[in-house]
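Next up is one chain by itself, shown in C-alpha coordinates, the form predicted alone.
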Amino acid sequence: MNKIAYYPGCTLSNTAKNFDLSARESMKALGWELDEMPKWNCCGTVYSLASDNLINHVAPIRLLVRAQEAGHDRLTTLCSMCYHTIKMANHLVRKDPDKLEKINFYMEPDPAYKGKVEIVHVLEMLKKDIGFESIRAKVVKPLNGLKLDCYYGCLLTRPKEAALDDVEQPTVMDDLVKALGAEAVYDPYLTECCGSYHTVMDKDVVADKAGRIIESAKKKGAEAIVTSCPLCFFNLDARQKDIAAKTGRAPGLPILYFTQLMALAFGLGPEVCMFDLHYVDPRPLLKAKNLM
(Lines give C-alpha, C1' and ligand atoms only; values in the text may rest on other atoms or scores of the structure.)
Protein backbone atom coordinates (compact mmCIF):
# COMPACT_ATOMS: atom_id res chain seq x y z
CA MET A 1 0.00 0.00 0.00
CA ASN A 2 1.42 3.37 -1.05
CA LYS A 3 1.21 6.13 1.53
CA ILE A 4 1.11 9.93 1.28
CA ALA A 5 0.78 12.61 3.95
CA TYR A 6 -2.80 13.84 4.04
CA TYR A 7 -4.24 17.10 5.31
CA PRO A 8 -8.04 16.84 5.69
CA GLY A 9 -8.57 20.40 6.90
CA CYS A 10 -11.31 21.81 9.11
CA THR A 11 -14.36 21.38 6.90
CA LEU A 12 -13.69 17.78 5.92
CA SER A 13 -13.45 16.97 9.61
CA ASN A 14 -16.88 18.49 10.25
CA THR A 15 -19.58 19.29 7.69
CA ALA A 16 -17.87 17.59 4.72
CA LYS A 17 -17.21 14.19 6.27
CA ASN A 18 -18.83 12.65 3.19
CA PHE A 19 -15.95 14.07 1.13
CA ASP A 20 -13.30 12.83 3.55
CA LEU A 21 -14.62 9.29 4.05
CA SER A 22 -15.37 8.63 0.39
CA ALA A 23 -11.87 9.85 -0.50
CA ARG A 24 -10.07 7.71 2.06
CA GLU A 25 -11.93 4.56 1.05
CA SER A 26 -11.69 5.18 -2.68
CA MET A 27 -7.97 5.87 -2.55
CA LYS A 28 -7.50 2.75 -0.45
CA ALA A 29 -9.22 0.76 -3.19
CA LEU A 30 -6.64 2.20 -5.59
CA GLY A 31 -3.73 1.16 -3.36
CA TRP A 32 -3.09 4.48 -1.62
CA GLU A 33 -3.41 5.33 2.05
CA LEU A 34 -4.17 8.95 2.89
CA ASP A 35 -2.03 9.21 6.01
CA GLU A 36 -3.54 11.97 8.12
CA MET A 37 -0.88 14.17 9.67
CA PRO A 38 -0.75 14.53 13.45
CA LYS A 39 -1.08 17.97 15.00
CA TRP A 40 -2.49 19.66 11.93
CA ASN A 41 -3.98 23.14 12.13
CA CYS A 42 -6.26 25.32 10.01
CA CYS A 43 -4.54 26.31 6.76
CA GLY A 44 -5.64 29.93 7.17
CA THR A 45 -8.48 29.49 4.66
CA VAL A 46 -7.38 32.16 2.17
CA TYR A 47 -4.04 33.18 0.69
CA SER A 48 -3.20 36.77 1.59
CA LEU A 49 -2.31 38.95 -1.39
CA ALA A 50 -0.72 41.68 0.78
CA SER A 51 3.03 41.62 0.17
CA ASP A 52 3.88 42.44 3.80
CA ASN A 53 1.39 40.09 5.49
CA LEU A 54 3.76 37.25 6.32
CA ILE A 55 1.99 36.21 9.51
CA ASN A 56 -0.94 34.97 7.40
CA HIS A 57 1.36 32.40 5.78
CA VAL A 58 2.54 30.84 9.03
CA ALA A 59 -0.42 28.46 9.23
CA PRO A 60 0.04 26.84 5.79
CA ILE A 61 3.83 26.67 6.12
CA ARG A 62 3.47 25.02 9.52
CA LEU A 63 1.47 22.26 7.79
CA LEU A 64 4.37 21.70 5.41
CA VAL A 65 6.66 21.52 8.44
CA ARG A 66 4.45 18.78 9.91
CA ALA A 67 4.80 16.76 6.70
CA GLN A 68 8.54 17.43 6.71
CA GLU A 69 8.81 16.25 10.33
CA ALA A 70 7.03 12.99 9.42
CA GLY A 71 9.55 12.34 6.66
CA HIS A 72 7.21 13.07 3.74
CA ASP A 73 8.26 14.95 0.63
CA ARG A 74 4.67 15.36 -0.57
CA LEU A 75 1.45 16.49 1.07
CA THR A 76 -2.00 16.01 -0.41
CA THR A 77 -5.38 17.54 0.31
CA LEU A 78 -8.90 17.61 -1.16
CA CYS A 79 -10.44 20.97 -0.33
CA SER A 80 -9.83 23.44 -3.16
CA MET A 81 -9.31 26.31 -0.74
CA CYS A 82 -6.83 24.39 1.43
CA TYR A 83 -4.95 23.24 -1.66
CA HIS A 84 -4.77 26.78 -3.04
CA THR A 85 -3.69 28.39 0.25
CA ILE A 86 -0.92 25.88 0.94
CA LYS A 87 0.26 25.75 -2.66
CA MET A 88 0.55 29.52 -2.97
CA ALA A 89 2.28 29.91 0.42
CA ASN A 90 4.76 27.22 -0.62
CA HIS A 91 5.36 29.01 -3.91
CA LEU A 92 5.94 32.29 -2.06
CA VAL A 93 8.61 31.04 0.32
CA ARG A 94 10.38 29.00 -2.34
CA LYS A 95 10.92 32.06 -4.51
CA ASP A 96 11.74 34.42 -1.62
CA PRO A 97 14.30 33.06 0.90
CA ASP A 98 14.06 36.24 2.99
CA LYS A 99 10.35 35.70 3.59
CA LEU A 100 10.96 32.04 4.38
CA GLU A 101 13.54 33.06 6.98
CA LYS A 102 11.09 35.46 8.63
CA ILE A 103 8.26 32.92 8.64
CA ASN A 104 10.57 30.32 10.17
CA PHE A 105 11.39 32.84 12.90
CA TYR A 106 7.67 33.30 13.61
CA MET A 107 7.25 29.53 13.92
CA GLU A 108 9.89 28.93 16.58
CA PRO A 109 10.28 26.60 18.42
CA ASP A 110 8.95 24.48 15.53
CA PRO A 111 11.62 23.25 13.10
CA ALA A 112 12.46 25.51 10.18
CA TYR A 113 10.75 24.72 6.89
CA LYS A 114 13.30 23.79 4.21
CA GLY A 115 11.03 24.36 1.22
CA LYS A 116 11.25 20.76 -0.01
CA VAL A 117 7.66 19.50 0.40
CA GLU A 118 5.41 19.37 -2.66
CA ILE A 119 1.68 20.05 -2.23
CA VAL A 120 -0.48 18.00 -4.59
CA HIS A 121 -4.25 17.68 -4.96
CA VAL A 122 -5.80 14.22 -4.92
CA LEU A 123 -6.99 14.88 -8.48
CA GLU A 124 -3.34 15.25 -9.51
CA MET A 125 -2.56 11.93 -7.86
CA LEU A 126 -5.39 10.25 -9.76
CA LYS A 127 -3.99 11.57 -13.03
CA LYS A 128 -0.25 11.24 -12.49
CA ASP A 129 0.36 8.62 -9.80
CA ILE A 130 -2.44 6.21 -10.63
CA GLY A 131 -3.63 6.99 -14.15
CA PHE A 132 -7.12 6.88 -15.58
CA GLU A 133 -6.64 3.49 -17.22
CA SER A 134 -5.81 1.96 -13.85
CA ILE A 135 -8.84 3.68 -12.37
CA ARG A 136 -11.04 2.31 -15.15
CA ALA A 137 -9.75 -1.19 -14.36
CA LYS A 138 -10.96 -0.85 -10.75
CA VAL A 139 -14.55 0.00 -11.73
CA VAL A 140 -17.03 -2.72 -10.81
CA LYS A 141 -20.20 -0.65 -11.22
CA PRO A 142 -19.78 1.74 -14.19
CA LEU A 143 -21.68 5.02 -13.90
CA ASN A 144 -23.34 4.35 -17.23
CA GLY A 145 -26.00 6.81 -18.32
CA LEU A 146 -25.06 9.46 -15.76
CA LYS A 147 -24.50 12.93 -17.25
CA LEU A 148 -22.24 15.06 -15.09
CA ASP A 149 -21.15 18.69 -15.14
CA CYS A 150 -17.61 18.89 -13.75
CA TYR A 151 -17.37 22.20 -11.89
CA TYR A 152 -13.83 23.32 -10.98
CA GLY A 153 -14.55 26.70 -9.44
CA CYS A 154 -12.00 29.46 -8.89
CA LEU A 155 -9.09 28.01 -7.01
CA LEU A 156 -8.01 24.78 -8.69
CA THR A 157 -6.75 26.62 -11.76
CA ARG A 158 -6.03 30.17 -10.57
CA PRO A 159 -3.45 31.62 -10.64
CA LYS A 160 -1.19 29.59 -12.92
CA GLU A 161 1.27 28.99 -10.04
CA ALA A 162 -1.42 26.98 -8.25
CA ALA A 163 -3.15 25.45 -11.27
CA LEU A 164 -3.43 21.67 -11.26
CA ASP A 165 -4.58 21.66 -14.88
CA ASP A 166 -5.09 23.97 -17.84
CA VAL A 167 -6.08 27.39 -16.53
CA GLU A 168 -8.94 27.99 -18.97
CA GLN A 169 -10.02 24.48 -19.96
CA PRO A 170 -9.25 21.98 -17.17
CA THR A 171 -10.17 18.38 -17.96
CA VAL A 172 -8.87 16.25 -15.07
CA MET A 173 -12.29 15.80 -13.43
CA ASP A 174 -13.90 15.18 -16.81
CA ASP A 175 -11.33 12.48 -17.58
CA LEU A 176 -11.98 10.93 -14.18
CA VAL A 177 -15.76 10.67 -14.55
CA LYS A 178 -15.32 9.23 -18.03
CA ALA A 179 -13.01 6.57 -16.57
CA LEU A 180 -15.78 5.78 -14.09
CA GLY A 181 -18.20 5.26 -16.97
CA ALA A 182 -20.18 8.53 -16.81
CA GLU A 183 -20.61 11.19 -19.46
CA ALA A 184 -18.91 14.55 -18.89
CA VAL A 185 -21.05 17.47 -20.06
CA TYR A 186 -19.14 20.59 -21.09
CA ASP A 187 -20.31 23.78 -19.44
CA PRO A 188 -18.75 27.25 -19.97
CA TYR A 189 -19.32 28.03 -16.27
CA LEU A 190 -16.81 25.35 -15.22
CA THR A 191 -14.39 27.85 -13.61
CA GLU A 192 -16.86 30.59 -12.59
CA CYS A 193 -16.96 31.67 -8.95
CA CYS A 194 -19.87 30.27 -6.92
CA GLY A 195 -19.99 33.33 -4.66
CA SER A 196 -17.48 32.02 -2.14
CA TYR A 197 -17.70 33.59 1.33
CA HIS A 198 -20.41 36.02 0.29
CA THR A 199 -22.57 33.15 1.52
CA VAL A 200 -21.93 34.40 5.07
CA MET A 201 -23.08 37.99 4.61
CA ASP A 202 -25.01 38.20 1.34
CA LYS A 203 -26.93 35.08 0.40
CA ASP A 204 -28.55 36.90 -2.52
CA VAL A 205 -25.20 37.23 -4.28
CA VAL A 206 -24.60 33.50 -3.90
CA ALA A 207 -28.16 32.66 -4.96
CA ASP A 208 -27.60 34.65 -8.16
CA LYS A 209 -24.18 33.20 -8.98
CA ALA A 210 -24.95 29.62 -7.97
CA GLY A 211 -28.30 29.85 -9.73
CA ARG A 212 -26.62 30.75 -13.03
CA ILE A 213 -24.15 27.87 -12.68
CA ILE A 214 -26.90 25.37 -11.92
CA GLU A 215 -29.18 26.65 -14.68
CA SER A 216 -26.36 26.42 -17.22
CA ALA A 217 -25.60 22.85 -16.14
CA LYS A 218 -29.23 21.86 -16.55
CA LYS A 219 -29.42 23.46 -20.00
CA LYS A 220 -26.42 21.39 -21.03
CA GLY A 221 -28.26 18.24 -19.98
CA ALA A 222 -26.35 17.56 -16.75
CA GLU A 223 -28.11 15.45 -14.14
CA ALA A 224 -25.70 16.43 -11.37
CA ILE A 225 -22.75 18.74 -10.73
CA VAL A 226 -19.41 17.37 -9.53
CA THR A 227 -17.04 19.45 -7.42
CA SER A 228 -13.95 19.30 -5.22
CA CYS A 229 -14.65 22.22 -2.90
CA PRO A 230 -16.75 22.07 0.29
CA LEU A 231 -17.64 25.75 -0.02
CA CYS A 232 -18.68 25.33 -3.66
CA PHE A 233 -20.64 22.27 -2.57
CA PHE A 234 -22.49 24.25 0.10
CA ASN A 235 -23.24 27.18 -2.19
CA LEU A 236 -24.48 24.96 -5.01
CA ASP A 237 -26.31 22.46 -2.79
CA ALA A 238 -27.71 24.12 0.35
CA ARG A 239 -28.26 27.50 -1.28
CA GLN A 240 -30.74 25.91 -3.68
CA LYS A 241 -33.38 26.68 -1.04
CA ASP A 242 -32.43 30.37 -1.33
CA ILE A 243 -32.53 30.16 -5.11
CA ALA A 244 -36.03 28.72 -4.84
CA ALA A 245 -37.12 31.48 -2.43
CA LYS A 246 -35.71 34.14 -4.74
CA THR A 247 -36.96 32.80 -8.06
CA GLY A 248 -39.91 30.64 -7.12
CA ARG A 249 -38.22 27.68 -8.83
CA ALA A 250 -36.39 24.89 -6.99
CA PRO A 251 -33.44 23.74 -9.15
CA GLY A 252 -33.38 20.27 -7.57
CA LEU A 253 -29.99 19.42 -9.10
CA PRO A 254 -27.82 17.07 -6.99
CA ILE A 255 -24.27 18.16 -6.16
CA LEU A 256 -21.65 15.44 -5.69
CA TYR A 257 -18.01 15.18 -4.71
CA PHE A 258 -15.86 13.35 -7.25
CA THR A 259 -14.81 10.94 -4.51
CA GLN A 260 -18.40 9.85 -3.95
CA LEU A 261 -18.60 8.87 -7.61
CA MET A 262 -15.40 6.88 -7.24
CA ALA A 263 -16.79 5.08 -4.20
CA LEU A 264 -19.96 4.12 -6.06
CA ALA A 265 -18.06 2.96 -9.15
CA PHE A 266 -15.66 0.89 -7.04
CA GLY A 267 -18.60 -0.84 -5.35
CA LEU A 268 -17.79 0.49 -1.88
CA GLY A 269 -21.43 1.04 -0.93
CA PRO A 270 -23.54 4.15 -0.34
CA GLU A 271 -22.69 4.26 3.39
CA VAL A 272 -19.21 5.48 2.42
CA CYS A 273 -20.80 8.42 0.57
CA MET A 274 -22.95 9.69 3.46
CA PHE A 275 -25.63 11.09 1.15
CA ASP A 276 -27.73 12.12 4.16
CA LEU A 277 -25.46 15.19 4.46
CA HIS A 278 -26.80 16.57 1.14
CA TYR A 279 -29.55 19.20 0.92
CA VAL A 280 -30.59 17.93 -2.53
CA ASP A 281 -30.72 14.16 -2.11
CA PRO A 282 -28.85 12.45 -4.98
CA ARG A 283 -30.18 8.99 -4.12
CA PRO A 284 -33.35 9.12 -6.27
CA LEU A 285 -31.19 9.93 -9.33
CA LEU A 286 -28.65 7.24 -8.50
CA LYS A 287 -31.35 4.64 -7.89
CA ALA A 288 -33.00 5.54 -11.21
CA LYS A 289 -29.65 4.86 -12.89
CA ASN A 290 -29.31 1.52 -11.02
CA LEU A 291 -26.23 2.80 -9.21
CA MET A 292 -27.60 2.11 -5.72
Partner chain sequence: MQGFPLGYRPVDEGGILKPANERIHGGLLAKVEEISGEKVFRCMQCGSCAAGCPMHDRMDISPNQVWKLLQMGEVEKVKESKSIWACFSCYTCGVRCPKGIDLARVMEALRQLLLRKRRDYADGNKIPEETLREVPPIAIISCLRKLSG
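None of these values were measured; they are calculated from a predicted model. Numbering follows the first chain given and starts at 1.
Below, we refer to the form predicted together with the partner chain, which is not included among the displayed structures.
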Full three-residue contact with the partner chain in the predicted bound form, heavy atom 4.5 Å, for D35, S134 and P170: no
Are any of the heavy atoms in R158 no more than 4.5 Å from a heavy atom of the partner chain in the predicted bound form? yes
Can you check whether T11 is within 4.5 Å of the partner chain in the predicted bound form, heavy atom basis? yes
Are any of the heavy atoms in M27 no more than 4.5 Å from a heavy atom of the partner chain in the predicted bound form? no
Should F266 be counted as a contact of the partner chain in the predicted bound form, where contact means heavy atoms within 4.5 Å? no
By the heavy atom within 4.5 Å rule, which residue out of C79, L176, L148, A89 makes contact with the partner chain in the predicted bound form? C79
Please pick, from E124, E192, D96, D110, the one residue with any non-hydrogen atom lying within 4.5 angstroms of the partner chain in the predicted bound form. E192
Which of 201 to 209, 67 to 75, 177 to 185, 140 to 148 has heavy atoms within 4.5 Å of the partner chain in the predicted bound form? 201 to 209
